[in-house]
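In the block that follows, a single chain appears as structure tokens, in the form predicted on its own.
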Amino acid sequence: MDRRHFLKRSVASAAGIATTGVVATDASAKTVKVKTRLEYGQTIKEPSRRIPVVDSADLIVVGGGPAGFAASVAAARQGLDVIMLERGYFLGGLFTGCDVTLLNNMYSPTHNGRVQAVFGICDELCNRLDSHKMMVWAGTPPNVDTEATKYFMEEMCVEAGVRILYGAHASEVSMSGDRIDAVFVETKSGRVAMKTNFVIDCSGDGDVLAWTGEDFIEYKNHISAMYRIGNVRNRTSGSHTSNEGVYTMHLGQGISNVDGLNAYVASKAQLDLRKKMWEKTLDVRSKEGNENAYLLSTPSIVGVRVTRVLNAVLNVSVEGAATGKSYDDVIGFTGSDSTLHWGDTRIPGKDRKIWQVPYRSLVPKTVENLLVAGRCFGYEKGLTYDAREVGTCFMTGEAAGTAAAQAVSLRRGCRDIDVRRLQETLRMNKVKLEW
């Protein structure tokens, strides 16, 4: 499907639904809200209103980062009508918008080099980037060109038939019993609703799972930033990119142990981190040969590492990752390049095992038509560094999209799918499930 036909299909679909007029969701449906985490002394009653249902799809994917992208492509290739809601105007989330150009955890370091852990759609995207010389190796992980990555992610979505809606901020859900009936979306066209049979939460912050009343855990961590400096002639730090003289830089820990769901905290972090990036750039310029270096790009999204995490049917444990535990419902492997602390044991990245992720870690305990992928799937806090990395997000996203396709086509709940059939499909799509 080319871009012209893709746009025609999207417009025609929306127009077809619009001709039915403004429709209210089922009167019996309940809307679940979560309280703001901000302090307040008074409230204002919002007038009741009818929300137009402007579209519908087999599957709505909330978030267009690596997990949302992989989930959308995987599901659409299985024949589902997929709408991907992305609040920004590009795909990739922190990966492309925050200059996290290193595709961490796609590979793991070893004493003899590196070993690949993540395959499937992630590998396919890398092959496209590599064929256009838009990817280089920066030690263990590939280092990609962010603009090329945005383009090829869009291209793969369009080819699969995914309908991307940019500037679309999912804000709430309507529930009918234990099922999500519709997603409310804030857009430049106003507040609208979209009906759906299934939802995958790839929001990063577990927004959807929180709105449904599903069980989750909150973790605090550091907020930091990556950025790029151009025209560097005398390298002092950072990772080289596919563009000569351009280096990806990292502020490291950044701001410690903060609440990434607090709007005021996130805004202040953005201001503080941008100041640090400017100052670091001036440091680079002070080195001989770098007098003409410049700050090429700063992140458009604040670098939140983790917030809400699903309390899944089975959360991946630190022990499981440390020991290389096997699961009957494995949906993929992920790499590791960080030091893992398991009890009193400290395991350096190069000595760690590639670890499995089970399907149950994407599955909520109550809601029937929801899966969770990306950095908010179910895992213990000690795995935060690895579980949130780009490679892991690609892998969990592809598995969630593949599972959703089966659930919708067979009219089953997320806990009732045939896991063996899911695994067979993943293998057919070149996802590695055995080691």
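Owing to the predicted nature of the structure, the values given are computational and were not obtained by experimental measurement. Quick note: we count residues from 1 along the sequence shown, nothing fancier.
Absent from the display: the form predicted in complex with a small molecule. The rest refers to it.
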{"property": "Which of 128 to 136, 101 to 109, 322 to 330, 344 to 352 lines the interface with the small molecule in the predicted complex (heavy atom within 4.5 Å)", "result": "101 to 109"}
{"property": "Exercise: R305 in contact with the small molecule in the predicted complex, heavy atom 4.5 Å", "result": "yes"}
{"property": "Contact of T281 with the small molecule in the predicted complex (heavy atom, 4.5 Å)", "result": "no"}
{"property": "Interface membership of F119, the small molecule in the predicted complex, 4.5 Å heavy atom rule", "result": "no"}
{"property": "Exercise: A71 in contact with the small molecule in the predicted complex, heavy atom 4.5 Å", "result": "no"}
{"property": "G92, F95 and H169 all contacting the small molecule in the predicted complex, non-hydrogen atom within 4.5 Å", "result": "yes"}
{"property": "Of G204, P364, G335, P358, the one that lies within 4.5 Å of the small molecule in the predicted complex (heavy atoms)", "result": "G204"}
{"property": "One residue of L85, I229, I180, A312 in contact with the small molecule, assessed in the predicted complex (non-hydrogen atom, 4.5 angstroms)", "result": "L85"}
